[in-house]
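Just one chain is shown here, as structure tokens, and it is the form predicted alone.
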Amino acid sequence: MNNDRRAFLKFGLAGAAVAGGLSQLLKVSPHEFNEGLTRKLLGARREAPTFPRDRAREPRANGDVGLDEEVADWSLKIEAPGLPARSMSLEEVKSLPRVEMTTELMCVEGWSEVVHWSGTPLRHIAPPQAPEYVSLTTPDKSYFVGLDLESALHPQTLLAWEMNGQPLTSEHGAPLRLVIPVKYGIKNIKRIGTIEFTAQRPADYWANKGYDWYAAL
């Protein structure tokens, strides 16, 4: 092992030990400590790198929770405190300002792929004075993701209906999925059925299984 590699490992272990110690002193979990630190240091200022479109490839279709049944009569349901619930058809969503971007989809399993996405920023459906959190669920409610409002309204957070210039396929989340390149793939929920703006920190499928709720890259 060379000196640079040894120094890197030593620094990483020391940093983990410090973070663990501080989290104990502050009486929060390591996940909560890491989330707070990431939000303070990076927050909404950080943008994910973008790439030339010709580097885009089809990513693995990891995860099929919430995709078992085709949705014949799909609509996007939007809920927020103090406002009536509303629904949007795919055509109504697609009428919102369109954005295209080529970013990297990164999986917690260790693989990644550059993908070209087309969609509209989620912030275009947010109500004025939105509360602190956003919950997104599949139509059958079996897969669910929680986001802090800052991440949900990030300019690169898209409601996407196309991948690499083609409409989404079922295995990749048709008709509408989330693309949030500052988070790991577990936050990029496929086939969104409901988006709820809420003051309560929402449940998250993988956080319930022990993963980091914030899941920032």
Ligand SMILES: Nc1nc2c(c(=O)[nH]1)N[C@H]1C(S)=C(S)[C@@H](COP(=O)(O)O)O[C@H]1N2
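On a predicted model such as this, the values are computed, not experimentally measured, just so you know. In this text, residue numbers run from 1 along the sequence as written.
Not pictured, yet referred to below: the form predicted together with the named molecule.
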item	value
Triplet Lys94, Ile125 and Gly193 all within 4.5 Å of the named molecule in the model of the complex via a heavy atom	no
Partner-facing stretch of 83 to 91, 96 to 104, 70 to 78, 135 to 143, counted where any non-hydrogen atom is within 4.5 angstroms of the named molecule in the model of the complex	135 to 143
The named molecule: the contacting residue among Ala152, Val182, Ile186, Leu159 in the model of the complex [heavy atom, 4.5 Å]	Ile186
4.5 Å heavy atom contact, Ala56 to the named molecule in the model of the complex	no
Met163, heavy atom within 4.5 angstroms of the named molecule in the model of the complex	yes
Any non-hydrogen atom of Pro175 within 4.5 angstroms of the named molecule in the model of the complex	no
Any non-hydrogen atom of Thr50 within 4.5 angstroms of the named molecule in the model of the complex	no
Partner contacts for 46 to 79, taking the named molecule in the model of the complex and a 4.5 Å heavy atom cut-off	Pro59, Arg60, Ala61, Asn62, Gly63, Asp64, Val65, Leu67
